[in-house]
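Provided below as structure tokens are two forms of one protein chain, presented individually as structure 1 and structure 2.
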Structure 1
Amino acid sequence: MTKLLEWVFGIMIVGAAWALVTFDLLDLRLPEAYRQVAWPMPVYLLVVFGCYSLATVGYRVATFNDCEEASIELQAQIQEAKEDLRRKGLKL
């Protein structure tokens, strides 16, 4: 059983449960409120996933660990290397 098969199985089962409630395939006659919550569920889960992704990206941008000194040191080393190569004849 590959991962893909596992996911496809899982999605099919969840999808079947959703279709059952949304289209009333077994004539369960659920209360109207539950049916109203169920039918937008696929779109709702997508939107929630999108919000979670956006929040994760935003949070990691805000808490990223900038290394100022390492950046300055690196730029100095790049200059040094460029000078060195220029002296040795490389056209930059």
Structure 2
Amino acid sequence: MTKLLEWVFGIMIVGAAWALVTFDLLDLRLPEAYRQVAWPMPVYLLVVFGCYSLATVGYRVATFNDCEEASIELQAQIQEAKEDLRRKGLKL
């Protein structure tokens, strides 16, 4: 099962549970307080997902590893390419 299908399946399960509680599809006779909490739940979950995503991106940016060797190697390759282009007549 691909990751997309896992997410779609999970969202479908949560959506079905939300619909059952919100619209009382199984005649569960839940208290009105449950419906009042369940009605805005998708918005709450969206906000929580956004906060989690922002925190994850921030953490990954903060702990990004520097690759000093790769940087030096890339700069050397850039200089080599510039010299090769100069030899071929290109003005930089």
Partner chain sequence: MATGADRAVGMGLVGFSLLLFSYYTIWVVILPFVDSDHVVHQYFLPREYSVILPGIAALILLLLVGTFIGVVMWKNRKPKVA
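By convention here, residues take numbers in order along the sequence of structure 1, the first being 1. Predicted model only: the values in this text are computed from it and were never measured.
Looking at both structures, it is structure 1 that matches the form predicted together with the partner chain. Here E6 and P42 end up in one rigid part once the change between the two structures is broken into two. When the larger part is held fixed by C-alpha superposition, the smaller rigid part is turned by 34 degrees between the two structures.
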